[in-house]
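In C-alpha cells, one chain follows: the form predicted alone.
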C-alpha cells in the first residue's frame, strides 16, 4: 500500500471536459471557456477581475512586471526593495529579480510558517515599496496587522496564494487583500488543471496592464481599439492558457468546497489517529491555523521533535520506502539553496532562525482531495510514529 503526495487528480468528468474542447475541432487556445472560468473565479474570490494564465509562476511574473510597467500608477523604480519571506518557492522570488527589483528576505513565524511581522517591521526602509506575502500550505499571517503596515507605509501588497485557494482570513478570501493575488492549478493544488494559474485584482487599469502583458502586449479582448486585432499597447509575454486547461480547471472548481472539506477531514483523521495511538510520545508536531484563518489545507506539514533530529534523513528514507511520499516544506529556507550564492541573495549575511528550524525539522505529506480510507490512516499512524524506534 502507498500514500503518495497526490493521487491521480482528475475525475471522469474532468477528462470529459477536456475532451469536449478537442472534439469541437476548433482552435483550443483560450476562448469562451477561459472567460467563463475567469468570471466565476473572480466572483468566488470577491474581486472584480481574474485573468487565467498558464501557471501560478506566470501569475507571479505578471504581478511584478505590472508593478514596473509605465502604465502602472506610481510604478516601482529599479532596485526598489520588495519584502519576501525566507520560506518561499523559487518562482515567488525570481519575478522580483527579473523585474529589476531587490528582494529583502524576512524570517517566518514558527507558529504559522508565514511571514514574521516583527521581523518585517525591523527591515522596512525608505527603499521598501512592496511586500510579497506567501500564504503557506493553506495558512496565512495576521492579515489585519499586515494591512496596517501596508496602509501606514503606502506599500504594494502581492499575495502568492498558489497553495491556499479557498482559505479565508476573518471570512475574507486570501488573495483578495492585495493589489494582486496569484493562484496555481498544478496537479497537487486545491484544484488542478494539470498546469494553469490565475491572477486577480480590483483596479481596471491594473487589469488592462496584466491583460496586455499576458499576450504579446496587444489589446485584443479589451475592446480598446476597434480598428484591428493587432493593436499593441504595451510590452508582453505569451502566458496564455488553453481552453482545455480552463475546461478541466473549471470543472474541478465546481467541487472545490467539497475537496476543501475532504482535505480538512483527512487531516483531522490523521492527526487524531496519531495522537490517540498508544505509541504517541510527541515525536512530531503539527501546524495549527493562524487565529481568524479558515484554512483550505494544501498538505500536512510536520515538525520532528528536536531530540530526534539526528534521525531525520533516516526517518524520511524509511517513510518513502514504506510508500509514504514526503517533501520539504516548500523549498526550506531559500537562502540555503545553492542558487543563493550565485545571485548573492543574502548580501547582508543575515540569519533566519525560524526558517532554518522549519527546514531542519520539517517536511510534509499530502492531503488528498478525496476522503482516505482507514487503511491509509493506519499506514500513516504506524509509520509516522516510528522515528523513535529507528
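Numbering follows the first chain given and starts at 1. As the structure is a prediction and not an experimental result, all values here were calculated from the model.
The following text describes the form predicted together with a small molecule, which does not appear among the structures shown.
Contact annotation for residue 243: none of its heavy atoms lies within 4.5 Å of the small molecule in the model of the complex.
Interface residue remark: residue 134 is counted as part of the site for the small molecule in the model of the complex, having a heavy atom within 4.5 Å. Contact annotation: residue 196 falls within 4.5 Å of the small molecule in the model of the complex, judged by heavy atom distances. At the 4.5 Å threshold, heavy atoms of residue 162 reach the small molecule in the model of the complex. Residues with any non-hydrogen atom within 4.5 angstroms of the small molecule in the model of the complex fall in just one of 180 to 188, 275 to 283, 109 to 117, 253 to 261: 180 to 188. Using a 4.5 angstroms heavy atom cutoff to the small molecule in the model of the complex, none of 334, 337 and 354 count as contacting.
Only one of the listed residues (80, 231, 91, 290) places a non-hydrogen atom within 4.5 angstroms of the small molecule in the model of the complex, and that residue is 91.
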